[in-house]
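Given as structure tokens, the chain that follows is alone and in the form predicted alone.
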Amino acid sequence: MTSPTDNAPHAPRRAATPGRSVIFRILRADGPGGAQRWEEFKVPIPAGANVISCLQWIAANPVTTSGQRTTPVAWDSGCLEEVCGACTMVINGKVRQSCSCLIDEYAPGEGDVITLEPMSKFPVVRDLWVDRSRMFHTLQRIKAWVPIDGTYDLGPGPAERPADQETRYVLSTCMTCGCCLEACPQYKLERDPENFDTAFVGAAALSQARLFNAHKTGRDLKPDRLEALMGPGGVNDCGNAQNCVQVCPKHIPLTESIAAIGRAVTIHAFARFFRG
């Protein structure tokens, strides 16, 4: 039996059966580049359980449904409240945060199946744990920070309008979780750090460039960011699939950010041309 959320997302939600057990079907690998295999675990579900609490139960009881003892499943997590972005994985075919995935919603019936897979756009470290370091390298590539060195004794910073603050706040909620990149058809698995500076940066980085370009101090680096986003892997590599905005757990207006950066890059390119 599969979860009712798989094929009928708008169907009436079934009430969760108390004291039930759910089957977890997990795609595993013992290390980077290792062969992948499926293992299944039968997990008793207490009220309010999420995917992380079920993985903790499996770690304490690493026995498959066939009775074979195995190694504990590896995954990454931190805050457990959808803030750190570490626990992203593919659940029943859709990328999302596992800490906020409640079993009562995804598998309300006895014997329902939840399928867990690691994200496919990042190298697998082990099992459900992937290496997202490429995302942080990309933030360095576009200089996603506010340059404040040497400004500590200059007094208060520039005043910000409330409307600008509201726009930037939404953009600042990005967790660098990778959901938008997993769903993006233009974003490819890239294992070689030598190629990180030419591969597509993805929606998260484009939105962060918009965030810091809108900051009155951060915009000092705006020309550098736009130069980086004009080149290979920049905004022109976006295919406008708009998958990113559909899966963002923070509901960040990623397509608006991509459009804003596209306009900014075009203006920057014209200005640079006429400056010679």
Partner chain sequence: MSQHRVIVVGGGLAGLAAAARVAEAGLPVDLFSLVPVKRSHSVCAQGGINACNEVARQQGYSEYEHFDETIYGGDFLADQHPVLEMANMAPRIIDLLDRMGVPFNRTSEGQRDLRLFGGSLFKRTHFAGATTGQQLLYALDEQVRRGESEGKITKYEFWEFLWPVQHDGRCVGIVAQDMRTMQIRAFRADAVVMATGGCGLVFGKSTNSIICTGAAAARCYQAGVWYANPEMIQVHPTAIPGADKLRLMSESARGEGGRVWVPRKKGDSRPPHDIPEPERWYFLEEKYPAYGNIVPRDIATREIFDVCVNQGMGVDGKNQVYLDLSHMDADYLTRKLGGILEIYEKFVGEDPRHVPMKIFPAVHYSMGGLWTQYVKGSYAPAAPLPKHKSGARPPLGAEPGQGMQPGAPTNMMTNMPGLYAFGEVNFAYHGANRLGANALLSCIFDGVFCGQSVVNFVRDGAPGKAPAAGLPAGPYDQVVQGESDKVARLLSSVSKGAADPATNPYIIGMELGEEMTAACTVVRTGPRLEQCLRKIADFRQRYAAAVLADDAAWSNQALGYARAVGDMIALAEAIAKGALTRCESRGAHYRTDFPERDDARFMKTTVARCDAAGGSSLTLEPIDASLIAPTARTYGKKDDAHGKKDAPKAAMAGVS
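A quick note: this is a predicted structure, and the numbers were derived from the prediction, not measured. Numbering follows the first chain given and starts at 1.
Unshown form predicted in complex with its partner chain; subsequent notes refer to it.
In the model of the complex, no residue of the candidate spot (15, 18 and 27) has a heavy atom lying within 4.5 Å of its partner chain. At a distance threshold of 4.5 angstroms between non-hydrogen atoms, residue 222 is out of contact with its partner chain in the model of the complex. Proximity of residue 113 to its partner chain in the model of the complex falls outside the 4.5 Å heavy atom cutoff. Put simply, residue 31 is close to its partner chain in the model of the complex: some heavy atom of it is within 4.5 Å. Not displayed here, its partner chain is kept clear of residue 182 by more than 4.5 Å at the level of heavy atoms in the model of the complex. Along 62-96, residues 62, 69, 70, 71, 72, 73, 74, 75, 76, 77, 78, 79, 80, 81, 82, 83, 84, 85, 86 each place a heavy atom within 4.5 Å of its partner chain in the model of the complex.
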